[in-house]
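First, one chain by itself in structure tokens, the form predicted on its own.
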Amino acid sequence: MTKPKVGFYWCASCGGCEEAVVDLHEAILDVVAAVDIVFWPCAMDFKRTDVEAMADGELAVCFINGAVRTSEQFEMVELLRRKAGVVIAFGACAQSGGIPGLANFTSKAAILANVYEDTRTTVNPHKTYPQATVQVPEGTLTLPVLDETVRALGQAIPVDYYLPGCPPPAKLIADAVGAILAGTLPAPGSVLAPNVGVCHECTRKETKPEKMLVTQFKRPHQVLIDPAQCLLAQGLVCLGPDTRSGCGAACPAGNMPCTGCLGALDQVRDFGAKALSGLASVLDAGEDAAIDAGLAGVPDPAGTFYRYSLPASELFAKLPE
């Protein structure tokens, strides 16, 4: 019996999603036994030419992690889309832009200037920047070109399913692989995680007040966190009420607030706006001075509420100046 062919690819991300596959531990042996991994350049010696040689649709499933910004990434995801029957956006960066997507708050020119001119450790008197092509005796050398903005995978190619998380929890990965092998995947476009909030599986939920009100938000290093009480009730910016579950409320279990990496519930259009609205609704302050004092513990609202989702949000990117 021919095993289904599976591929993995890594775009703009930290690599944690690749590690998450290994976090399956001994269960990865069951995966390897059930599928034929024919493309996984992070783990094994595969080349782009290997994918180009495949027939269109030959890959049963391709898991693509990371946001998309470089010309090479655009080319690879378009190639993998042709070769794969099913494409899964694997992790927060692929699903909604992730941490790399925060670059959309500034311009490509400003980013390059900061990296190649402005940092204190950079010595570049001739203002030399990387070039897309250069001629050498052996021929033409090329480098990938940065696009003006970061895009979520679904903004570059059609995506069939989304497996959220930073990185996706091992259980969600195992469940997704099981559904693929059993032919029980939900309708295309679905997020392969429960459509309920993190609070639903948080062990602190019984301590959540019926009417939540706080006078001041605090950062984790500013307070001795009670390991049993609801984190939001302690004034910490916990995005659990607005974040999709499936992680076992891992961060609250580790005595840290949820930062929203599993993204929005199905009915939410813009995660950052929803999270901001939710937090504002519990701030017990009326006067401007009280509001400013209460929000002092949120020094970076944009980075807090759009940490994983800026490219997929209504904002998308800062307008050109």
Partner chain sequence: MSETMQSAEPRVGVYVCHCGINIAAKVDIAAVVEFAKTLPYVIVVRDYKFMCSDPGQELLQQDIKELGLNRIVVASCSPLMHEATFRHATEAAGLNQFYFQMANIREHVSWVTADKALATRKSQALVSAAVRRVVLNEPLEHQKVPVKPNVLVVGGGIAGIHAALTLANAGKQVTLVEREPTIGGHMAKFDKTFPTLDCAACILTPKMSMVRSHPNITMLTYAEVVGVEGYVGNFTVKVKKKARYVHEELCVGCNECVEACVYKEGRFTDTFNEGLSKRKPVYMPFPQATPSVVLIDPESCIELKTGKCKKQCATACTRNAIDFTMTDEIVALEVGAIIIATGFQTFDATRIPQYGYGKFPNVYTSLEVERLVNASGPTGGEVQLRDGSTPKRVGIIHCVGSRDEKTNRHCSRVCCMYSLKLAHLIHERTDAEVYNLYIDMRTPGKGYEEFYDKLLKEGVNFIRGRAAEVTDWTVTPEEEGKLVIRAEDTLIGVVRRIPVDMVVLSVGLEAHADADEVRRLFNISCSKEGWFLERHPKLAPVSTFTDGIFIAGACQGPKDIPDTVAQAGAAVAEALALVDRGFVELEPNTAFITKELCSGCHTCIAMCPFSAIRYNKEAGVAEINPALCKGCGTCVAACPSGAAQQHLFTDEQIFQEIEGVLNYV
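Positions refer to the first chain, counted from 1. These numbers come from a predicted model, not from an experiment.
Here the subject shifts to the form predicted together with the partner chain, a form of this protein not shown in this document.
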Subject >> Full three-residue contact with the partner chain in the predicted complex, heavy atom 4.5 Å, for E58, G178 and A182 >> reply: no
Original post:
Taking the partner as it appears in the predicted complex, which of 124-132, 191-199, 107-115, 67-75 has residues with heavy atoms within 4.5 Å of the partner chain?
Top reply: 191-199
**OP:** May I ask you to state whether E148 is within 4.5 Å of the partner chain in the predicted complex, using heavy atom distances?
**Re:** no
Original post:
Given that the partner is absent here, does T49 sit within 4.5 Å of the partner chain in the predicted complex, heavy atoms only?
Top reply: no
Subject >> Exercise: P41 in contact with the partner chain in the predicted complex, heavy atom 4.5 Å >> reply: no
Original post:
Hey, in the predicted complex, does E206 get a heavy atom within 4.5 angstroms of the partner chain?
Top reply: yes
Subject >> Listed residue that, although the partner chain is not shown, lies within 4.5 Å of it in the predicted complex (heavy atoms), from V32, A290, V282, A253 >> reply: V282
Subject >> The single option of L141, L213, A228, A187 touching the partner chain in the predicted complex, heavy atom within 4.5 Å >> reply: L213
**OP:** Using the arrangement in the predicted complex, list in sequence order the residues of 230-267 with any heavy atom within 4.5 angstroms of the partner chain.
**Re:** P241, D242, L265, Q267
